[in-house]
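Take a look at this single chain, the form predicted on its own, given in structure tokens.
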């Protein structure tokens, strides 16, 4: 039988990103194959969140290429003006395929939790209301907050809001899930309930890119780890190897400094 070749779910090539005169990413390349769980680690200010936000064009790279499931995002990079997506419709479709979970939840405060999860499948993807409702109910059950379906975000704990945000991302039936420090806004006692949901998703073989400062979680859950330092990937590889035998001094120092604070 032929070897099964896993497709590249996310491919970043030569990504550079400037904010004014400051270049935050200096030509970063990264590939995540289907089924990979990639943890993106690095100190504050290393460019981790900016890199993740370039994947679904929340930040538009100044140069470089982004592909999702083999489809390259077309950029308009004319001299003398900020780069922008050439086709906004393409970006909207891309965001359905690569759904983002933010550290600050970003739920709509005027909608119930159930309505939050139904909103995009209903109005963006144009699916039938009954189908959207049934799927939203099932997803809230899956993340353990079905009893809160008719509550508003302000009535939920931070951990419950983040689980609702994960359900909302899953409702888009994405190919890739992007997590931007999903536990950093949470009280310590609420971190575990969110990490458990992400752990379960990893066990299903979902493709995920996770910016996180939770070292023990990254070590346990991710198949591959990327370490960013000052806008460059200084080390990457299978997670077990990287944690057991870090090759770069920078990553060794990072593990020593942050290891004590992992949950």
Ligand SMILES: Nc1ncnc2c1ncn2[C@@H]1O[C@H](COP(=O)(O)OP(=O)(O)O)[C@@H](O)[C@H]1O
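Small disclaimer: the values here were computed from a predicted structure and weren't measured. Positions refer to the first chain, counted from 1.
FYI, the form predicted together with the named molecule isn't displayed, but the following is about it.
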query	finding
The single option of 35, 27, 237, 45 touching the named molecule in the predicted bound form, heavy atom within 4.5 Å	45
Proximity of residue 181 to the named molecule in the predicted bound form, heavy atoms at 4.5 Å	yes
4.5 Å heavy atom contact, residue 50 and the named molecule in the predicted bound form	yes
4.5 angstroms heavy atom contact with the named molecule in the predicted bound form for residue 59	yes
Candidate stretches 200 to 208, 36 to 44, 214 to 222, 66 to 74 - the one whose heavy atoms come within 4.5 Å of the named molecule in the predicted bound form	36 to 44
